[in-house]
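Next up is one chain by itself, shown in structure tokens, the form predicted alone.
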Amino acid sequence: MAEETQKGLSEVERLYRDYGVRTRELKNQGERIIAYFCAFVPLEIIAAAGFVPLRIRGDVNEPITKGDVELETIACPYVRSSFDVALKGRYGFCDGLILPHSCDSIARTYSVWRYVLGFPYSHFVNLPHTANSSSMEFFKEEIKMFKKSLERFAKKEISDGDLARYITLYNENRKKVKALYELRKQDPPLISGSEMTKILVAGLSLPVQEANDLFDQLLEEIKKREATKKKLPRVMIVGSTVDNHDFISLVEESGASVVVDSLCIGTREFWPETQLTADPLDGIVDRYLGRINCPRTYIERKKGDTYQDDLERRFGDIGMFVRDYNVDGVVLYMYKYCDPFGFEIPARKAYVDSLNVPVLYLEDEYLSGTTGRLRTRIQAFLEMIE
């Protein structure tokens, strides 16, 4: 009976440990798979064209060997690791590759990915770095070109009805993720941060309807849990792409409950929904350029704003989560050479300080073997906020 009540979590473990196992199964069944990088690639268009999107990940347990032959070593370690495992055949079964202009490490390596890996299809989504009206117009033209490019490769026209259907499905997906996060508001939370990381990563390797079904099953299972009686400091993790549970587990093993985040594979990616507009591309453009709060997109300071006003506009989502999830402390966790986030560290720290919430800044490599050296600093931080 216990195994039956954990069926969804067991499937998550399988999908997490052998990332891409389900997409390989689908490939063998005749489905076509498109690998993509970063939260800025419009998944609704990929799915509407008849492909299964698979988000590219690195591997913190795999030393970077082949990747450093092709890429400079001062590039983002997450990008280098992802490229390394791709060179080693991790995504060789995929039919295509899509990279967006999310940061220099991704944008400047697109030609290397395309040339070295030789996917049958590849496309670069040119995303502006501002979200004003002219940028929106430019991005819509880019999205139109992307749509036409996929249509030619798929040999299928993508109708407005197809787009509307997948906008609805992906919005349902995002709502279910939010429902899982709601279970973390309880004190102690019903679901751990490390479990949440595995769930989100597993979902990124599935067709959206299968992910929705899995999330429904997980919600049913987790709601039946009995919460532990021990209450721990409630911590929020703020950073870029944390797609491995090791760091989250380290924080929790050190004596905290990780209850919420502002991460690329986390609230930053799943909170914004796509509006169903008369022209579906308008809703897609608005979401991917205007609603994903990432430092790679410049938010202009308005005339007359104070410094604090500017901080609120840029980082207000962090304050919202701190209040909604009753956060006791924030950990800013960044990878080396991640310039967009690195440049913002002083401002992000100043904003968290303005909330009167303790904050710890950590810089790390994208390798599981390096997280242990952070343990003492994390433990000291948690002792301070208890």
Partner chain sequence: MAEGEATQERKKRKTATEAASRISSMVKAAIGGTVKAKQEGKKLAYTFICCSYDEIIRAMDIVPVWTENYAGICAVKRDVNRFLERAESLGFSRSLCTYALCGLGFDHMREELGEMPPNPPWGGQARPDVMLSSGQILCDPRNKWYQAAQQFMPDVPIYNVGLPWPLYEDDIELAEVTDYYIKYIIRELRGLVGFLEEQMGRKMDYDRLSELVALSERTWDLMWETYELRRAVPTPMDTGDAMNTMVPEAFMMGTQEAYDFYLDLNKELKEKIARKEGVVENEKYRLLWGGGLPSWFALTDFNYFNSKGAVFPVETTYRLIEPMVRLGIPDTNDPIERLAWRWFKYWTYWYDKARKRPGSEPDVERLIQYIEDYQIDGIVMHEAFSCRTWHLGLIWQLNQLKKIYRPIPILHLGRKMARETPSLILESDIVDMSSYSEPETRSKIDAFIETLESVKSHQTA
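Positions refer to the first chain, counted from 1. All of these numbers come straight from a predicted model, not from anything done at the bench.
Another form exists, predicted in complex with the partner chain; not displayed. Remarks below refer to it.
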ask   = Just one of L276, L169, A227, A107 has a heavy atom within 4.5 Å of the partner chain in the model of the complex. Which one?
value = A107
query = in the model of the complex, which of the listed residues (Y36, Y337, Y333, F40) lies with a heavy atom within 4.5 Å of the partner chain?
reply = Y337
Partner proximity in the model of the complex: F138 to the partner chain, non-hydrogen atom cutoff 4.5 Å = yes
key: Contact flag, R152 vs the partner chain in the model of the complex, heavy atom cut 4.5 Å   = yes
query = Can any non-hydrogen atom of D162 be found within 4.5 angstroms of the partner chain in the model of the complex?
reply = no
message = Can you tell me if T267 lies within 4.5 angstroms of the partner chain in the model of the complex, counting non-hydrogen atoms only?
response = no
key: Among 254-262, 118-126, 194-202, 241-249, the region lying within 4.5 Å of the partner chain in the model of the complex by heavy atom distance   = 118-126
message = Check for me: heavy atom within 4.5 Å of the partner chain in the model of the complex, for each of F93, L367 and R373, yes or no.
response = no
note = Of the residues spanning 283-318, the ones with some heavy atom within 4.5 Å of the partner chain in the model of the complex are P295, R296, Y298, I299, R301, K303, Y307, D310, R314
